[in-house]
Every structure is written in structure tokens, then in C-alpha cells.
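We give C-alpha cells for two forms of one protein chain below, kept apart as structure 1 and structure 2.
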Structure 1
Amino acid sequence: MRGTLAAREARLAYLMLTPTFVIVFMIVLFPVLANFWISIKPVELADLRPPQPIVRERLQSEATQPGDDLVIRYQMRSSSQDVTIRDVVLFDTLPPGLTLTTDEPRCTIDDRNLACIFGTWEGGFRENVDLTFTTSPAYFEAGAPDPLESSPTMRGRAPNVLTNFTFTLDNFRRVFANPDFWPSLRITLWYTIFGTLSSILLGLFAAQLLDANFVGKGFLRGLFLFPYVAPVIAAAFAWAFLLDPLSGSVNAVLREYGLVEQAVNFLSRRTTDIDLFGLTIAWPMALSVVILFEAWRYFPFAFLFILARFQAIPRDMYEAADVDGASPLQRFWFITLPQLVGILSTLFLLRFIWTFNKFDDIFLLTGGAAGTKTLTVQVYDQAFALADLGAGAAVAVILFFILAIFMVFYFRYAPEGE
């Protein structure tokens, strides 16, 4: 009896959760599955619009009195150069008082409705059909209406590359064979790792500064949130203006103090040579600026979480450390840092995922040029710049698997209990 009741309660629970499951599937799982589907199909951007017959009509001759002939030309073509369209039919509504006199077996008139059945069209099909109509007094009694007032329509059936069962791995082959893929993957990892760590470290430093009690603390905390709440397009263009080699303030200050002789194009220069202990290092200039922008824009997110965790650390632990004569560095290392391990690991997970998928920051700053093309920018280039939607989806699937591998390692080696 108890087992039956538990089963009924379980069924009721699943029934009540069904709307939630449906919403999650539609919002989260369906786009992911659709991306997987597109990645193994030969889909280009133009294939999103299924092939269809197209028609335009022109009036070849007009009628001035009853008995005159009126000729309408229908210019028809297929929107596809290689896909067959079946069951092609033309529909049009004609003015009253017109009688079809052209010997066209494919066309019939029922009352004022014209229907022409053209059957199957091969790719690239084109045809002009001239239909002659004899006018009657009823046509002129109706005010000789414009025969082209009613626009013709066409209907046909064509296979859709998105819904058929033709699959291929060519998209992945092209992606891996692309000479830009592996450099983009390396740049993505550098950008993600250093951007994530920089934003967390900067947030930790800001939280340390604003954890103390002083006048204006609330104002400064709100001010520190500005980079995160500012619109990304405004922040990116502000940075681009400040770093502009001709009119930017950064170059003006550097030249004023003699730090550089010529203006530096921070966002368009791939590398710059730096002498370090006798070694010349090709420093990635544009990528470093993009990483710096990432750290500056998203450190408030880490700052909020870390500051909240700071407030929860018992103060008597610090008081006991002061009694024992612990230095500030020892207090941070043995008290603060262990208390922050959980929130820092969570921040690293979230920021790593978001930074790895970040597109708008890089696209607005550099467009992926000067050694800053990440895999997300490559998704855009493949899908829209090159109109290869399948290859773009394949790159997105690769991104998904890389993140999945990262999450497996993260949850395997994350601190216990965090």
C-alpha cells in the first residue's frame, strides 16, 4: 500500500514538474541540440531560406474598348540553382470581364481565380508565360481595373537541408584543417585563463581595500561597480578612444613623459619587442590589451562575491591572530585565503565559462584582428562572414566539448566540500 502511494506521489510530482522540464528544454537544451544537428549537416547561410518559386507579372498590352486583347506576362524562376521544386502552382486573381483566350493547357480560370500547374522545376529553372485575355463590357463597367492590382502567388515543395537526413563530418574536417583554428584555440585559452585570473585577483585586491571601515566606503563600493554595469559597447568604444594612436589620451601621456617616441597602436599591433635580461620577447600587444579590458570590466563581479564572503569571516579569528603576533601576510595566508577557497573556486568556474564564450568584447575592440581571434570570433566568421553555417556550428560544438572537459576536471579536483 505504501509503495503504491509513493508511486502515485512520484507520478504527481513528475506531472507538476513537466512545465518546468518543457521550458528548460526549449530555452536550454533545444538550442544546444539544434547546434549539434546543424554541425553535421552541409548547411550554408542561404540554406536557411528554403527554395521557392518566384513570380513577377507585367502588363504587355492594354485594352481600350470591349473586345480588345489584354496580355499579362508572368516571369517565373526558381530561387535555387541546384534544388528541385515539386508541385509548382501559380495563383492569381483577375478583374471581372476577362476571358482567357491563350491556348495554355497548364492554366485554368474558375470565376476570376487563375491557377496554373507547372509540375516540377529543376534548379535554375526560368520561364515566361504570356496569357492573353479578351475584355468584355463588364471589364469596362467595373472601371477598367488594373490587372496587376492583385499580386500573383506561387506554391511549391522543396527539400529542406535542415530537416532532411543527410549528414556529414566535412564541417569538422574543414574546421580542423583551417590553419587559423589551432592559433585561435591557443589564443582562446590564453585569453580565458589570464582574463579569468586577472579579474579575480583584481576583485580580491578591491575587496581587501574596501573591507575596512572608513568615510565614503559606500560611495567607493558603488563606484567600483561601474565597469560591470556600464554598457559593453560604451565601455569598449571608450577604451578604443583612449587608446587611439592619433587622438587617444594614453598615447598623449606616454609621449609627454618621454616613455615612447611614436604613438603606439595598442589595438592593431600584434606584438611588440621587449628586452628582458638580455632576451628579446615578442609581447602580444593587442591580446594583452584585450585581457586587461576583460579584467577591468569584470573584476566588480568577483569583488562583490569576495567582499560578501569577507563580511562572513568571524572577526575573533583576526583578533586571536593579532594576539599571537601574526603579520598581515600571515593573517591573509592562514585565515583569509582558506575562508575564500570556496568562493574563489566558484568564481573561477563561472568566469572561465563566461570568458571562454566571450565574443562581444573582442569583436568590439579589435574585431579579432592583430592576434586576438578567439574561437567565438571564428564561429562568427565561419557562420556569417563566410556564410558557412555548418562550419560555424562545428566550431561551437568544439567549444562545448572543451568546456565539458574543463568542467569534468574542475568537479573532479575542486576542493572537497566547496
Structure 2
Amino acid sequence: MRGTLAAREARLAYLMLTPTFVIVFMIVLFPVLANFWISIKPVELADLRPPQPIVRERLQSEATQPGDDLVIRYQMRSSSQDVTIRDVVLFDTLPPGLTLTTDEPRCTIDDRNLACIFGTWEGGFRENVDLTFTTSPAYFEAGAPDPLESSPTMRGRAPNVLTNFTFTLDNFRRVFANPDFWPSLRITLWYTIFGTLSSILLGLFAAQLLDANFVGKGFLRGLFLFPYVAPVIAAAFAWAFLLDPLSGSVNAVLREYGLVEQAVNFLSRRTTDIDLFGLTIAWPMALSVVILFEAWRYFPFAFLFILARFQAIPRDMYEAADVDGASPLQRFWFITLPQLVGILSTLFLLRFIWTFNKFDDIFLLTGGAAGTKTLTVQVYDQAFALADLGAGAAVAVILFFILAIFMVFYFRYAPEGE
């Protein structure tokens, strides 16, 4: 009895989970596998439209009374110059009352359905077929309908690069041979490390500010979440215009205060020279700006979690510290910070992974120009800007493997229950 009950419970559970399984498998797991598959196939963006036969229908001569001839011309060609299409067939629906008089053995009429079997087309094949029909009174009784009203369709089988069994490692070779690849890996790491750290530090600071009771606290908490809640596209556009060298307010204010002499092209300048104690450093300008954007947009995330954790710290710890005469900084250093270690490390790992995956923000701000091409932007660039799907998928595979290492870290070291 227990056994069947347990089995029924399990069956119910699986039933309830099935829709989730199906949709997540279709849209997440299967695509990840498909990505591996594409990465070892020689496939380009154009291959997504497989070669196919194309037809145009024209009326060569019309009929005015029963017995007249009606001539339809089918202009057909292959959409591909080099790929062979097999089993090419043409279908069309004709008006009633037409009899085929042309001797065309490839075409047959069944009731009003015309079917022509053309067999195999070499690449670049084209042919015109004129079909002559004799009209009967039935045609005119039906109101002499225009034969062009139903458009013809064609079908054919062409090899699909995506589903055949041709494999290649060229995609990976091309990716590794690309002089952009290693710099892009380095840029990704800088972006991820500094973006993560700065957003968490800002979040910690902001949480510290709001960890007190005062009028307007709720309002400020809402306000501080703005950058995180706002659509990325609006925030990125606002930043891009704010930083614009010609009409951006930031440059105008900097110039007014005499902090810079010439407008700074924040988002399209790769490096700027900074003199530091007589040493000239080529400071990565655009990269710094996208890191700042990352910090700005995601500090609210860290802020929320740290604030929630603050409120869970037992107050008597502070009271005990007060009795012992601890100074404010000591309280922060010896009580607050140790209590935050768990949430801070979880936040670090989570944000690290997400920043590593980040695409929208950089893409919208710089499009990957001026030394900001991270691996994610590289994926897009290869696959869609350069129309090389295979190479894009190869970069995605590399990205995925690096990510897998981080995930192992996360699940090993993230404290439970945070």
C-alpha cells in the first residue's frame, strides 16, 4: 500500500514538473547541446536559408471565349549557384474548366491540381515551362478567374549543412588564430573582476548608509534601486548621450570646471595617457567606463542583499561592543564585516558569473569598440556581424567551459542558505 502511494506521489510530481522540464529542455539545455554541434560545423549565417527552387508565374495569352487557348508560363530557377537540389516538384491550383494540351510528360493534372515533377537540378539551373490550356464553357461560367490568383509552390530537397554529418575543427582554429581572441579574454577578465568588485563595494557603502532609521529611508531605498530596475537600453542610451563629447553634460561640466581642456571621448577612446609620479600610464578609457556602468547598474543588487543581511545581525552584538567601548570603526571591522563574509562571498561568485556572461550592457554602450570586446561580444560579432555562425558557436563553447569552472566553484564554496 505504501509503495503504491509513494509511486503515485512520484508520478504526480513528475506530471507537475513535466511542462517545466519540456520548456527548459527545449529552450535552454537543447540549445546548449546544439551550440556544441554548430561549433564543429562549417555553417554560415546564409546557410540558414537552404537552397530551394523558386518560381514565378506569368500569363502569356488570355482566353476571351470558350475554346480559346490560355498559356501560363512558369519561370523557375534554383536559388543556389552551386548546390544541387533533388526531387524538385511544382504545385499549382488551376481554375476550373481547363484542359492541358501541351505535351509535357512531367506535368499531370488531377482535378484542378497541377503537379510537375522535375527531378534533380544542378546549381544555377533555370528553366521556363509554357503550358497551354484549352478553355471550356465551365471556365467562363466560373467567371473566367485569373489563373494567377493561386500562386504556385515548389519543393525540393537540398543538403542541409546543419543536419548532415560533415564536421570540422576549422571554427576553433579560426577563433584561436584571430588576433582579437587573447586580448578579448583578458578584457573579459578585467571587466568581470573590476565590475564585480566595484559593484559590491558600492553596494556595501550604500547599504551602510541606509542601515539606520530616518525619514525618507524607504524613498531612498527605492531610488537607489533605479539603475537596476530601469531597462538596460534606456540606461545605456542615457549614459552614452551623457558622456557624448559634443553635447553630453559630463564633458560640458568638466570643461566648465577646467578639469579637462578638450572634450573626452569616453566611449570611443581606447586609452588615455595619465601621468602618475612621472610615469605615463596608458589608462584603458572605454573599458573603465563600461566597468563604471556595470558598477552603477548592479550596485543596487549587492545593496539589497547586504542591507537585508545587516538587518539580520543581532543587535545585542553591538550592545555588547558598546559596553566594551568599541569605536564605530572597530564595530564595523570586528562585528559587521565578519557577519557579512557569507553574503559577500556569495554575491561575489554570483555577480562574477553574471558579469562574465554580460552582453547587453557593453554591446549597447560601445558595441565592443575601443578595447571593450569581451568574449560575449565576440560571440555576437563572429556569428552575426561576420556571419560566421560556426565560429560564433565556437567562441560560445569556450565561454561555456570557462563558465563551467566558475560554476563548480560556486556550488562548492557558496554557503548554503544565503
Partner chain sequence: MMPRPISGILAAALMGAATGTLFVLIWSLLATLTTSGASSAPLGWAFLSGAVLGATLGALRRGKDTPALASWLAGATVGLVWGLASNGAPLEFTHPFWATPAAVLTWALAGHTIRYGLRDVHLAAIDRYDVERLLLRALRAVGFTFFITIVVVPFWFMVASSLKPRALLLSDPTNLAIDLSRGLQELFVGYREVLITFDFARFILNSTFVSVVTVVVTLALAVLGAYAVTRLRFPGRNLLSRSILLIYMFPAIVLVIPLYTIFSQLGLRDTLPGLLVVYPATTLPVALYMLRSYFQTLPKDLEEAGMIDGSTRLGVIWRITLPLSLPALASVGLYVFMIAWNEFLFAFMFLDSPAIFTLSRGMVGLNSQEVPRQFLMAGAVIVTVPIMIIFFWFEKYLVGGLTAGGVKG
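Source: prediction; values computed, not measured. FYI, numbering is relative to structure 1, first residue = 1. What we label the rigid core is the largest C-alpha set whose atoms superpose within 1.5 Å from one form to the other.
> Which depiction, structure 1 or structure 2, is to be taken as the form predicted together with the partner chain?
Replying inline: Of the two, structure 2 is the form predicted together with the partner chain.
> So, does M26 move by 2 Å or more at the CA between structure 1 and structure 2, with the core held fixed?
Replying inline: Yes: M26 shifts by at least 2 Å between structure 1 and structure 2.
> With the core lined up, does the C-alpha of L267 move 2 Å or more between structure 1 and structure 2?
Replying inline: No, the C-alpha moves less than 2 Å.
>> Aligned on the rigid core, do the two forms place the Cα of A369 2 Å or more apart, comparing between structure 1 and structure 2?
In response: It does not, since the A369 C-alpha is displaced less than 2 Å between structure 1 and structure 2 after the core fit.
>> Core-aligned, what does the C-alpha of D68 shift between structure 1 and structure 2, expressed in angstrom?
In response: The alpha-carbon displacement, core-superposed, is 4.8 Å.
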